[in-house]
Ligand code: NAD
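Below, in C-alpha cells: the form predicted on its own, a single chain.
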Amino acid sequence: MTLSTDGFIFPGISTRVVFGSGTIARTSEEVERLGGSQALVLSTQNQADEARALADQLGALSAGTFSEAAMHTPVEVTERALDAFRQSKADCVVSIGGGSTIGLGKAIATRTGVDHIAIPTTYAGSEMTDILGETENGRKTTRRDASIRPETVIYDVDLTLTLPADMTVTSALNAIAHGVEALYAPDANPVTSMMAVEAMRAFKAGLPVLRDAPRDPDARSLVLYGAWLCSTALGYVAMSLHHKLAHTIGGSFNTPHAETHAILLPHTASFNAAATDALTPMEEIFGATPGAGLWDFAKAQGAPLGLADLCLSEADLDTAAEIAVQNSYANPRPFTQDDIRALLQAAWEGRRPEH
C-alpha cells in the first residue's frame, strides 16, 4: 500500500486503552485513576445482569446502575438517565455494552462534563470516537465534540466470547464501515489509513474462524483488535456518505444499527470506489473490487444482504434518499438524490455490486 506523505495533520490519540483478557477487573483501577469515587454503570435491559455484576465488582466505587440504554440514543432516554445520574450523586459513568450503551455514556458525559469509561462488548466501534448520534422526533442527528470522546476504553476479549454469531458478523461489518470511510475521508492521513487496512486484514483473518469456533480466543482477540483500529481511525477523520445513509435510515425507520451498516457497506463502497483509488488496498484483502469483495465476504459470513430484510418498503427508500441530500457533507464522489435512490434500491434488493 502506498500512502501519500506530501502533508497531513494527525491530532494524536487522546483516549487511554486497556486491551486484553480479563481486563474488566481493572475497572476500579481506571475509575480511581481518573479521580472518580462514584461510578454509575450503564447498560441496556438485555445486559442488566452484566451491569449489576460490574457494579458489585466496583463495590464502594459504585453509584448503582441504569439499564435503559436504547438503540440510536433517543433523547428521552438520555433525559431519564440524567435524572438517575444526578440522583445517584455519581461523578463518572461506566458504559458496558454495544453502541447503544456507549452512546448513552457519551450523551451523559458531554452534557455534564464527567469522565466516561467505555467497556465495549461488540465490535460496533463507537467507543474511540468523538461522535454522538442522537434521535428525536424520528430524526437522527450527529455531532462531534472533544467532550464526547471517552477518557478510557477497556477492551476485554473475554466479554466477546459469547457474542451471538449474527451480532458478531454485523457488528464486525459495522466496524469495517468505519475503516472504509477512513480510507477516503477528505482529512485522511497515513496513520489512520494504515490502521484501516490493518483492521480489514484482521477481520478477514479472524471472522471466518468464528463461524465454526465462536469461542476461539485468538480469533476473538484479532477481531476485537480490528474493531479498535477501525474505531480509532474513524475518531480522527470526517464521516461521509456511508454513515450519513446508515444514520438516516436507522434514525428515521428505527432499523437495527449494525445490520443497517452491514447491508449498506458494499453499496456505498462500490459507489465511492468509482471516484477514488483510496480503496484499492481492499482488492488484495477481499479478492475483488471493493463493493463486490465486501458483498462476497458478508455473504460468506452469513450477514443480511438486503434492506428489505429489515422491513423497509420501497416508499421508505424515497424518503431516505430525500433526507440524505438535505445537508451537504464531504464525499469523494458527488451525488444527486437519484443517485442515492438507485444505491438504496440495490441495497434493498441485496444485489451484488459490480464494482
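We number the residues from 1 along the sequence you see. Just so it is clear, the model here is predicted, and its values are computed rather than measured.
One more form of this protein should be noted, the form predicted in complex with nicotinamide-adenine-dinucleotide, which is absent from this view; the next part is about it.
- Distance criterion of 4.5 Å from any heavy atom to nicotinamide-adenine-dinucleotide in the predicted complex singles out Thr129 from the list Asn189, Ser240, Thr110, Thr129.
- Of the listed positions (Gly251, Gly98, Gly226, Pro150), a single one reaches within 4.5 angstroms of nicotinamide-adenine-dinucleotide by any non-hydrogen atom in the predicted complex, namely Gly98.
- Comment: 42-50 is the region of 60-68, 319-327, 299-307, 42-50 lying near nicotinamide-adenine-dinucleotide in the predicted complex, near meaning a non-hydrogen atom within 4.5 Å.
- nicotinamide-adenine-dinucleotide is not drawn, but in the predicted complex it has a heavy atom within 4.5 Å of Gly125.
- Although the partner is absent here, Lys140 is a contact residue: one of its heavy atoms lies within 4.5 angstroms of nicotinamide-adenine-dinucleotide in the predicted complex.
- Remark: Thr121 counts among the residues lining nicotinamide-adenine-dinucleotide in the predicted complex, judged by a heavy atom distance of 4.5 Å or less.
- At least one heavy atom of His257 is located within 4.5 Å of nicotinamide-adenine-dinucleotide in the predicted complex.
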